[in-house]
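Heads up, the chain below is alone and in the form predicted on its own; it's given as structure tokens.
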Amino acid sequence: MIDLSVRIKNLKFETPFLNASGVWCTTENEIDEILKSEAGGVVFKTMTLEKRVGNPEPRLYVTDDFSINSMGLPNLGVDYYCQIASKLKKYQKPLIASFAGFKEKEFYILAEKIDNTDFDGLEVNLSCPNLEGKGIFAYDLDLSFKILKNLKKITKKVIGVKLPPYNDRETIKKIAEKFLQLKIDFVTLINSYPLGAFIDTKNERLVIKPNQGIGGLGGRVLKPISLAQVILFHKFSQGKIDIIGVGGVETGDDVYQYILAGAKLVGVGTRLLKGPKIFSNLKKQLEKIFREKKINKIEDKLGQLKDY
């Protein structure tokens, strides 16, 4: 009997598959489609205090191997998402609110609004790379820790953090140890790599318009970077903080690699652009791997990488 369910604190996910916030989760109809699929839950579009149109088009470029985006956090605003959350409770799947402020104070206002709704958990997005003239909060560790410490005082809901990639082990170690102290429930690893570009040779120009044609790099090419972040965070947090692995998830084998690395759930981004049917494919493929390897549940292999 194969059991693909996992838990983050009191939240049960019947499968380990989620959308990565930003894809197929902007409108009520899109979120509804994810909840009707084999996804174990849903992460809403990163919400801000006010509705945002986002950056000018073209702002997304996708190939089989990678994606580049500079979306600029287009969303319908926190009040819209808080309103529709109650309608979507009928699916009895965890609803995770992703949110981001442009100033420190905005994170607290957003958390207070979300805390009084039917959302089950919060994902604090400290890692958006696509806002012109704005730095990435998560690269200012002291400010990030301050924000999270204060957010823990505001909400009793399950709370996690979406992080960007880091370039050295010591930074990941410092973050993991601090998150243990702050009692952060989960981390989402990782947001897109901040500086990606691609040139259209025929037209001799960059393929997206905002931010001088430079955006967040995602898709298949991101997976080796993300796997390394997951492995190190799992190690430095002693497996005590749950991880959602994001980056290049396309097949059941990708999911299994993330599980071995230490991720309890995975988020699908670039490949979800083709629609939520991917979750059904992932489930079938992962179950096949489990049958062949005689694995009963995800915890049996979570973080169980062998020494070379």
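None of the values given here were measured: they were computed from a predicted structure. In case it trips you up, residue 1 is the first one in the sequence shown, and so on.
If you look for the form predicted in complex with a small molecule, you will not find it shown, but the lines that follow are about it.
Undergrad: Heavy atom within 4.5 Å of the small molecule in the predicted bound form: which of G101, G121, P165, G72 fits that? Just give me the one.
TA: Of the listed residues, the single hit is G72.
Undergrad: Among P129, G196, G160, P94, which has any heavy atom within 4.5 Å of the small molecule in the predicted bound form?
TA: Of the listed residues, the single hit is P129.
Undergrad: Just checking whether N125 would be counted as a contact of the small molecule in the predicted bound form - the rule being heavy atoms within 4.5 angstroms.
TA: Yes, N125 is a contact residue.
Undergrad: Taking the shortest heavy atom distance, is N191 within 4.5 Å of the small molecule in the predicted bound form?
TA: Yes, contact at 4.5 Å.
Undergrad: Among 140-148, 110-118, 73-81, 198-206, which stretch has residues with heavy atoms no more than 4.5 Å from the small molecule in the predicted bound form?
TA: This holds for exactly one stretch, 73-81.
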